[in-house]
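Just one chain is shown here, as structure tokens, and it is the form predicted alone.
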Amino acid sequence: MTLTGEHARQYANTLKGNTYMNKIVVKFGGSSLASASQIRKAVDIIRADPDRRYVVCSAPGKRSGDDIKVTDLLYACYDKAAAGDDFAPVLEQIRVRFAQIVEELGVSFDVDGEIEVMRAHLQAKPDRDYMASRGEYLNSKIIAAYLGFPFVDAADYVTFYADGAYNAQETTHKLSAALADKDYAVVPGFYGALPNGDIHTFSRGGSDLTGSIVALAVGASLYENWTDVSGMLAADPRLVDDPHTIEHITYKELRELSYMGASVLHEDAVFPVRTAGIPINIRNTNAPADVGTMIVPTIPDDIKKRVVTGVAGKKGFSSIQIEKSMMNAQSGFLVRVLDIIAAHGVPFEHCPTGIDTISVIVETEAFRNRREAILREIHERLHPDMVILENGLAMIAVVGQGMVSYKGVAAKIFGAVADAGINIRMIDQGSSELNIIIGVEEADYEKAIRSIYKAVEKLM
């Protein structure tokens, strides 16, 4: 059985103990809104189901492989203004892009007036987040006018603390109140505001997060995330030939795969909807009949559960291996290692340990400029017998909630890697047995992904 959108809505309401609520939040990515023709596709999707009431928009993405995303143009415009250079040519590119969309849609919208507001901002005191947000802002206002829906500016309701951390409680309260009397609305993604009113953005891809925030605020029965792929794939199609589409996946599995590089959805987008049990459906704007991938809290009993859900990985890691005799007898040794690394602003990714050894895996780019200071402090404070630094590592995760009750998954993974002539440099498995992570040399990454996928494909 495939978990369709209708099944998902009923399933979510069962979880929440509610009756059918007839509210779907739809978020469209940049590729789905890159041009007037793409916007028409999105509007047709919205109008095809009257339950699709709340729309979250990204900035226009690339129209072709050699095109430039509007957000990138906005960043370039800011950079020039901040450096005191002539930003007018880039701003004109932005104006032309939106003017073309407005003209082809035949909608009444003052693009020139909005561009002049941006010009005045750049001439006065340019702000990077403000400029970056204008793609979502303008695209949402245009689409709201085309649909005839109210425009609700995220800056008025999506709230951040003064330090830039997202304020979930206040946002949900304010946005729920703002949308309570609106049967339909268009909300720009990616940004909100600080307590002083200044625009603040999420990280790139943050419109996915805005969609989840809106879904929670309106008590949606379903959050549809429309993009340019028909759901989430079980492996990177650039590395594995024709990987299958994951029809259903839990929030936890998605987090693991997203963290390891599967980028169909912003990795933080599950948090707002998770507590409310609202499913997320990844859909393809260019193939709206495809059911895509359903992301749910738990897989319903009437759907076949896979042992392995997906394989993902990424390059660019370093290992700090610390050896010290009788390390296990020293209380708090691991904590002190991690404190040193954290004090330098470097997050750790994995930390496999032995009796007298600790290996801390970090992203090479985050570690690079702090390496000497961190290694020096480890030597001065912890007096290790040996510290070995290894660069050029890649991490690969095999994820699946069914692995906990199925024997032999690890043997299949390790056997496949060994048969391919690849040396495993690290093994890490969480206590929940939701995933198995291995480290290999970057030169072996692609071969390892293909070998592992082939070994576990029948378990998917």
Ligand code: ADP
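Treat the numbers as computed from the prediction; the structure is a model and nothing was measured. Numbers follow the displayed sequence, beginning with 1.
Beyond what is shown, the protein has a form predicted in complex with the named molecule; the following relates to that form.
Could you spot which one of H383, R238, K304, K125 gets a heavy atom to within 4.5 Å of the named molecule in the predicted bound form?
-> By the 4.5 Å criterion, the partner-contacting residue is R238.
Note which of I213, V187, M232, I295 lies within 4.5 Å of the named molecule in the predicted bound form, where distance is taken over heavy atoms; exactly one does.
-> Answer to the contact question: M232.
Using a 4.5 Å heavy atom cut-off, state whether W226 contacts the named molecule in the predicted bound form.
-> Yes.
Give a yes/no on whether S35 approaches the named molecule to within 4.5 Å in the predicted bound form, heavy atoms considered.
-> No, no contact at 4.5 Å.
Contact label in the predicted bound form: S263 to the named molecule, heavy atom within 4.5 Å | Contact check for S263: yes, within 4.5 Å of the named molecule in the predicted bound form.
Tell me which of 421-429, 388-396, 42-50, 25-33 has residues with heavy atoms within 4.5 angstroms of the named molecule in the predicted bound form?
-> Contact-bearing stretch, as computed: 25-33.
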